[in-house]
Ligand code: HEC
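As a starting point, one isolated chain is supplied in structure tokens, in the form predicted alone.
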Amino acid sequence: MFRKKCPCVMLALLAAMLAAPAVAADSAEGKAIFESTCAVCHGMTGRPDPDSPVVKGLGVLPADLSDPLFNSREAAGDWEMVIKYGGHAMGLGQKMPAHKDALTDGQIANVVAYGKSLVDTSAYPPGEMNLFLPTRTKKAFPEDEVVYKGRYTDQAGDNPLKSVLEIEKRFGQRGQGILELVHVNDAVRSELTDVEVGYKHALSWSTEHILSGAIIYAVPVDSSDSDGELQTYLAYGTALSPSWILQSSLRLKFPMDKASDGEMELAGAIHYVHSPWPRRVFPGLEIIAENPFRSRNGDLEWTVLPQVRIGLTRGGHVALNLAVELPLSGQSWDKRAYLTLLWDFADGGFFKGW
């Protein structure tokens, strides 16, 4: 499609050339460690026995590693952190002890690999591709999340505030339902303007990439204003290296009353993941290009969004994203400020692990 390679593609190729070869897990050692150390709580097959005296003594049921949804949505690196530093360090149960003094990093990796093999998760997108949520670029991984997005636009004569409450619910092996409530507060109105409903589906994945497609219908609260808008997008995510992740999305917007007045949005985001600890500050950068279907010379609008993700809980299931959007092509506004608050409720309650 493009004759010239973009910097992101060249960066990905460079990362692939520099990446160290993967070391195969020692399944026999992993199995032996699991059976001698982990099975007493988690069960020999990964499913804990609630009638076991040991499990009853814990006062909480250990994670069911034989559940394919749970097993798949948790990244191997997260399990390694929990085994090495204990549950409390990652905002989980105090009963999960730290094994950093008893097991080497290699042994921990082997037991995690064995734990991941206890159930077939090939039909589920892997947790390694549950990447950071960017500000505007669409995310590919199917989620269980509640997200608040606030946008303040600085422009002459009017400084509107747009708020979006998004509820995302995982369905089946690779689907996600979407419900969004859009509220606008400007010089003219302060009201709920749209309700958006949709569905996202993972199309292709590995532990290094994921591709999803989605369709959303924006229903105007006041139907006299318009007939609504149909949106569809493709979202892609990949790990360029252990420290860099790249995400991109292509979104098309079709007004129901006149589809030719719609527009295309191409977005890309890169984050620097400098630490395995979720409660850190991670910098990122997005670039957005928007173009109406009825394009003329100069219609393409570019913006850039420097941003930071701040993990608020020890496990990172509650996080804050702050960004500033700067116009690069003469837009009518001077800048936009974004605040995004994310709660991944599949990993626990909002106040867990602070």
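Note that residue numbering follows the sequence shown and begins at 1. Bear in mind that the values here come from a model prediction, so they are computed numbers and not experimental data.
Heads up, the form predicted in complex with this ligand isn't pictured, but that's what we're talking about next.
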message = Is it true that 264, 284 and 325, all three, sit within 4.5 Å of this ligand in the predicted bound form, judged by heavy atoms?
response = no
ask   = Considering this ligand in the predicted bound form, which of 69, 308, 312, 60 comes within 4.5 Å of it through any heavy atom?
value = 60
ask   = Just one of 77, 97, 213, 242 has a heavy atom within 4.5 angstroms of this ligand in the predicted bound form, so which one?
value = 97
inquiry  = Even though the partner isn't displayed, in the predicted bound form is residue 42 close enough to this ligand, meaning a heavy atom within 4.5 Å?
reply    = yes
key: Interface membership of residue 133, this ligand in the predicted bound form, 4.5 Å heavy atom rule   = no
request  = Give a yes/no on whether residue 82 approaches this ligand to within 4.5 Å in the predicted bound form, heavy atoms considered.
outcome  = yes
4.5 angstroms heavy atom contact with this ligand in the predicted bound form for residue 93 = yes
query = Quick one: which of 226-234, 157-165, 99-107, 179-187 gets within 4.5 Å of this ligand in the predicted bound form, going by heavy atoms?
reply = 99-107
ask   = Across 105-131, which residues bring a heavy atom to within 4.5 Å of this ligand in the predicted bound form?
value = 111
